[in-house]
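Single chain ahead, written as structure tokens, the form predicted on its own.
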């Protein structure tokens, strides 16, 4: 899984007016929360935060959030729960960060990438893709960015299920093993 470093500062002022003032100053308001931590109001540099978001490009990632409070600096491992953007200008308006443990298993949605051309398609069949993402459970850093599936061996009227996917060690499938990922329908043998 990808890791990104982001720096933040604690903020005391809250509310709509304070958030607008932060945005005018080139900062993004944010909130940090989790099961073992009290909610904290933060501010981020908008330019560097947007650059970090582009580097992960909507993929699962662990953010190493360095929070400074005057002289003290703490690093929290977080995931972005919500990123609010302006619908017209597409600027980042607000971010919610959830503190996670790198040692406890979590469930993530991981995209599937299909590679190759199925033999059954060359024989007149149609490729039917049923799943584009699967649910995997494991430690955050063990979860892959994507699961690649080679479909070149699929013949006419054949299918590949979730149970046939090769997953890294320490990662388990949350979905049903007999759920169909991709199939070739029709064609002649």
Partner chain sequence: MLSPKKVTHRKVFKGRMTGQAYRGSSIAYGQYALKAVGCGWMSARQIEAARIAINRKVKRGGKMWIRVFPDKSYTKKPAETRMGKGKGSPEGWVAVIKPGRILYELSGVDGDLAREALRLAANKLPFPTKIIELDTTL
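Predicted model, so just to flag it, every value in this text is computed and none were measured. Residue numbers count along the first chain shown, from 1.
Keep in mind the form predicted in complex with its partner chain is missing from the figure; the text below concerns it.
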> Tell me, which of 149, 53, 134, 140 has a heavy atom within 4.5 angstroms of its partner chain in the predicted bound form?
Replying inline: 53
>> Just checking whether residue 90 would be counted as a contact of its partner chain in the predicted bound form - the rule being heavy atoms within 4.5 angstroms.
In response: yes
>> Against its partner chain in the predicted bound form, would residue 85 count as a contact residue? Criterion: heavy atoms within 4.5 Å.
In response: yes
> Just one stretch in 35-43, 57-65, 22-30, 149-157 has heavy atoms within 4.5 Å of its partner chain in the predicted bound form, so which one is it?
Replying inline: 57-65
